[in-house]
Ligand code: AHR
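In the form predicted alone, a lone chain appears below as structure tokens.
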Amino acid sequence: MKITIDKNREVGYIDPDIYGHFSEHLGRGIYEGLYVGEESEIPNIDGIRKDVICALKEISVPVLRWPGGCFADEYHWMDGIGPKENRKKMVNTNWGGVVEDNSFGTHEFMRLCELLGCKAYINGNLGTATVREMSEWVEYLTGTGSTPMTELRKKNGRTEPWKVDYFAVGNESWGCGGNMRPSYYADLYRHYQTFIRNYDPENPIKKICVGPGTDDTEWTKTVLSACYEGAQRVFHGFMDYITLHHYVWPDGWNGKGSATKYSDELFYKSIKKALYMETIIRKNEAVLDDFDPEEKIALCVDEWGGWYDVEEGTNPGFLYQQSTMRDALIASATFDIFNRHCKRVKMACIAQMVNVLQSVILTEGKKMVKTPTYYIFKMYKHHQGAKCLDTYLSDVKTEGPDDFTIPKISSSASIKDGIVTLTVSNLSLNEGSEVLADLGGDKVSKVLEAKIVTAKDIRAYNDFDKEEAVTEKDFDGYEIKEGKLSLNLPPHSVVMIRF
């Protein structure tokens, strides 16, 4: 098999925000996972876990989405500000029916973003809130001068406004966010986005519109029509991003299966569904190209990842699952797709950051463990802010059951400061792969760094109090031959090589 990399043909800029994260008030994602409170015995900074912050800084988190998800459309931000003892409690009706004390609110989230050095993506409540409530949240966060909300913010200890990079009007409005029809949501979006004011003209908030959760593009067409009107399709500038959600349910919504005890067939189904991300993106790209040939609107895949049955003995509403080598391959193949489509895909957020679904970190009391997915983020961070290079795969073999055949290889390449980063995944369950990377007229002169993530067993995972079974290691299975790079990839492995 061969990968041809054309160093002279750049696909586009890989926005670092493609490697973003999502943290919802769901299970132990916020409380216990990220936030333990200032009085906790677990080392923390303003109540936020030190160990988690240190681990996340290693993978260069560019943007974080909060407070949901489905939770966003029942979240009333004023309940989460002011003295903690006075904050209103609430029942999380979406996830487990637990009572939340709102001790993690706006100030705590913005502090988390400061500690991570990342952008803030806030998801507004369209489902159960008024346009005034959403508008006042924006004013509280970013307002200047002496206004009611800025004075309230100052009273609560924050004098200077925060910088909010992204603000979404609702979430999954076709489902948990209100079961709306696309035309109804489109009109509401036009209405609500009007009042997301830019108090700092030099740092305007980018507005995010809810997009589809399937490969049906009718929702996309309808909401775009709300921003493009008339025969000439005049653009009103109402949106900067439109979202897209895609989860890997190995055997459908009612047959998600175990996160760790899955058959070979379910493995192939999982990878096949992960690769379907490219089809969904292409379909929505086609609609965007029709409406928006000037590329003013970007795609934001702000929920993606593997979704399985919860771990035995845990609350079904907490969505706590383990992460195996299968998830590492789902992540690497997905990132390759995002990289190759970076002209339209400008942001993505894995679901989720800690203790929920395909998380990068798991915690249990004082303990913390990095998942296989974490190490894929660590390897792929070198693509952030680079130019994606055109790559062509030839002689690629396939394998798997008839209905779920997959290509054995996934890859993407980028260049930054004269250094090429090549990521290659061997998606094969049991077979190694020989891959030749060819730069055409150019030659590989020196390998600067080579890493691999793999395991003996595809079902291997990292658990508390055990040596990590899946981690990043140095890779020596390469050779430079006449300026070309020959790679010897073990089964189910991900390799990153910089030269």
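Numbering starts at 1 and follows the sequence shown. None of these values were measured; they are calculated from a predicted model.
Omitted here: the form predicted in complex with the named molecule. The next part is about that form.
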property: Interface segment, criterion being heavy atoms within 4.5 Å of the named molecule in the predicted bound form, picked from 63-71, 451-459, 46-54, 465-473; result: 63-71
property: Heavy atom within 4.5 Å of the named molecule in the predicted bound form - the one residue of 77, 247, 262, 228 that qualifies; result: 247
property: Residue (of 342, 164, 348, 351) lying close to the named molecule in the predicted bound form, criterion heavy atoms within 4.5 Å; result: 351
property: 26, 171 and 303 each touching the named molecule in the predicted bound form (heavy atom, 4.5 Å); result: yes
property: Proximity of residue 95 to the named molecule in the predicted bound form, heavy atoms at 4.5 Å; result: yes
property: The named molecule contact at residue 19 in the predicted bound form, heavy atom, 4.5 Å; result: no
property: 4.5 Å heavy atom contact, residue 318 and the named molecule in the predicted bound form; result: no
property: Partner proximity in the predicted bound form: residue 307 to the named molecule, non-hydrogen atom cutoff 4.5 Å; result: yes
